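The data below hold one chain only, encoded as structure tokens and taken in the form predicted alone.
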Amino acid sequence: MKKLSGACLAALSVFAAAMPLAAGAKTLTEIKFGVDATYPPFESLSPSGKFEGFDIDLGRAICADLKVKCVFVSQGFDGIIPALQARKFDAILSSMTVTPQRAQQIDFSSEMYNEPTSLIAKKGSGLKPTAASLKGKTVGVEAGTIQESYAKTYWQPYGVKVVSYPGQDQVYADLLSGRLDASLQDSVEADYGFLKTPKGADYTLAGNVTYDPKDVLGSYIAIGIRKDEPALKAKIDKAIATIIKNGTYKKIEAKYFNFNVYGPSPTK
């Protein structure tokens, strides 16, 4: 093993002193969560500009258990992992599914929740979430999501036009305008964030995605954390276990859903 020179050691000391301390090396007083606030009922902005939604309430419960301040930072989903790695915030709390590709870049907390991926189409269209049914049609997806990866992997090569958008709200806007024939997103967001609103009255769930031999859709939803923050991951995992055990999770879940969101299939 080669030794570093005195000058190199001095330079490294200065560099190390300038680096942010890891969560485990200091008292944790605050957690900044990166959030794509275009995905109700999980995360969105209220008319007054405040963050709200299932993920937001879960984040606040985690922070309360850890006795730290909760801060939410708005970030487009397509750039949310690079922003985490650039230390713009401490963790990703934005309906992010664990996939092998993402797990190479960042760590994840224990499971938060889960649900299937679904297609939305106009009532009576007869469209189904298959390449054969959607051939020649245009499907909208949010950029950076597993739905985008799925549509581009299984549908685009077979004549389906896949259009990516910065936010889910923009997908719905073009679906309503007729620019899209269908949209692909998680089933709960589709149901509660669109179909149960006045805008979604003429649309329906056209089916859940089941074909996925390449495991594009990944597994469960979790909080994304930098790989160099094992102490923060441990604290968040402990807090998740606590709010599930003491009933806080169930109370938050009941505020938004009338079913158990610990499902078998992934979301975003």
Partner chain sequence: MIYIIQNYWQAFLYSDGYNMTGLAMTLWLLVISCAIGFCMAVPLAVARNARNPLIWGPVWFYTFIFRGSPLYVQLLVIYTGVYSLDVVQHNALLNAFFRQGIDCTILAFALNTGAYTTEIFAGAIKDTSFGEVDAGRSLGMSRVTLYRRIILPSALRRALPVYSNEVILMLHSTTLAFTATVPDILKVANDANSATYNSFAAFGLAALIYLCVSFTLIYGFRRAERHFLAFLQP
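Please read these numbers as outputs of a predicted model, since none were measured by experiment. Numbering follows the first chain given and starts at 1.
Omitted here: the form predicted together with its partner chain. The next part is about that form.
Q | Any non-hydrogen atom of residue 157 within 4.5 angstroms of its partner chain in the predicted complex | A | Contact with its partner chain, yes.
**Q.** residue 165: touches its partner chain in the predicted complex, heavy atom cutoff 4.5 angstroms
**A.** Yes, residue 165 is a contact residue.
Q.
With a cut-off of 4.5 Å between heavy atoms, is residue 144 one of the residues that contacts its partner chain in the predicted complex?
A. Residue-level check for residue 144: yes, a contact with its partner chain.
Q: State yes or no: in the predicted complex, is some non-hydrogen atom of residue 72 no more than 4.5 angstroms from a non-hydrogen atom of its partner chain?
A: Contact check for residue 72: no, nothing within 4.5 Å of its partner chain in the predicted complex.
Q | Position in contact with its partner chain when the complex is considered in the predicted complex, options 89, 172, 77, 113, heavy atoms within 4.5 Å | A | Partner contact (heavy atom, 4.5 Å) among the options: 77.
Q) Among the candidate residues 135, 196, 179, 123, which is the single one with a non-hydrogen atom no more than 4.5 Å from its partner chain in the predicted complex? A) Selected residue: 179.
Q: Pick the stretch from 188 to 196, 144 to 152, 127 to 135, 114 to 122 whose residues have a heavy atom within 4.5 Å of its partner chain in the predicted complex.
A: Residues of 144 to 152 come within 4.5 Å of the partner.
Q.
At 4.5 Å by heavy atoms, is each residue in 81, 102 and 161 next to its partner chain in the predicted complex?
A. Checked in the predicted complex: all three residues contact its partner chain.
Q.
At 4.5 Å, heavy atom to heavy atom, what parts of 232 to 250 sit next to its partner chain in the predicted complex? List them in sequence order, or say none.
A. Nothing in this stretch is in contact.
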